[in-house]
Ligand code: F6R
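As a starting point, one isolated chain is supplied in C-alpha cells, in the form predicted alone.
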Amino acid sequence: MLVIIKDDYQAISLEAARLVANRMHKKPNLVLGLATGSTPLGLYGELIRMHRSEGLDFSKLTTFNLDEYVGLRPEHPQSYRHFMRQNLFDHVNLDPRFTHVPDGMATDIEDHCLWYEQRILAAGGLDLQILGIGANGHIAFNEPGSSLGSRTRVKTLTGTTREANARFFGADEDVPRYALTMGVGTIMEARELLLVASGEGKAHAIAASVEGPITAMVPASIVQMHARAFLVIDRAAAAGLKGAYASSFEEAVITRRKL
C-alpha cells in the first residue's frame, strides 16, 4: 500500500488524475473501475480538463461502476448512471457501449449480479479501480460486516450510510434502502486500486484502514492486502495516521529506490 498525503482536496484530485491519465497513456484500452460520491468529483473534473486541453483519449476505455441504488431508473437524478453521465461520461469521448453501471431496475437481481461479474471477466478484468471510503470504513456499498471475499450482490444500507446520503433526496423515506454493489473480493481482483479520501470526517476510517487490523468491520482495511494499492488523501483525512508517508508518487519512488 502506497499512501500519498497532499495538502488539500484540489491537490489530491490532481494527484489522483495524474495516476489515472498515466495508466490510460500506457494502456489506451484500459478497463477502469469508477466510483461515485463527492470525493471523486475533483478527479473526474481534472480528467475532463485533460481530455479537453491535452487530448486525453477515452475512446478505447471500458468502464465498470462499483454500485447503484436498487429501484432507481438510469434517468433518475440520483441514480449513479445519471451521476456518471453528468460528471464524466457526457464530457469525454467514452463509447457508451463500453460503460457499465449495475442496473437498479433489474428484475432478477441475482442473475444480473452474476452477469456483471461475467462482463468484468470478459473485458479482461479491472486494470484500475477507483475507490472512495465511507466514514464507517465501507468501500462501494460493502458495509461493515461484509464478507471480505464477497462478489457483486445486493446489500442493505446501514442507517449511517442512508443518513449520509439523505442530503441528495427530498425526504428520509425517499433514500433507497438497498443497493447493488461490487463485492470486496471483486474489488480486490483489480490489478491496481486507487482510493481517494478528503476531510476530517474520513480520518477515523483512514486510520483504521491503513494502520488498524484487517477486519470485516472496516471493509476498506482489506486494501492493506493488495499488492498495488494507492491511497491519495489530504492532511485532514490523514490526521489519525501515526506513520510517515510520501507527498507524491515521485517521492515514493525515490524513497523506495534508496531503500
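Numbers for residues come from their place in the sequence shown, where the first is 1. What you see is a predicted model, and the numbers here were worked out from it, not measured in a lab.
From this point on, the text means the form predicted together with fructose -6-phosphate (F6R), which you will not see here.
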query	finding
Option touching fructose -6-phosphate (F6R), based on a heavy atom within 4.5 Å in the predicted bound form, out of 233, 43, 220, 66	66
Heavy atom of residue 35 within 4.5 Å of fructose -6-phosphate (F6R) in the predicted bound form	yes
Residue 153 within 4.5 Å of fructose -6-phosphate (F6R) in the predicted bound form, heavy atoms	no
Residue 167, heavy atom within 4.5 angstroms of fructose -6-phosphate (F6R) in the predicted bound form	yes
Distance check, residue 81 to fructose -6-phosphate (F6R) in the predicted bound form, heavy atom within 4.5 Å	no
Proximity to fructose -6-phosphate (F6R) in the predicted bound form (heavy atom, within 4.5 Å), stretch among 66-74, 208-216, 221-229, 52-60	66-74
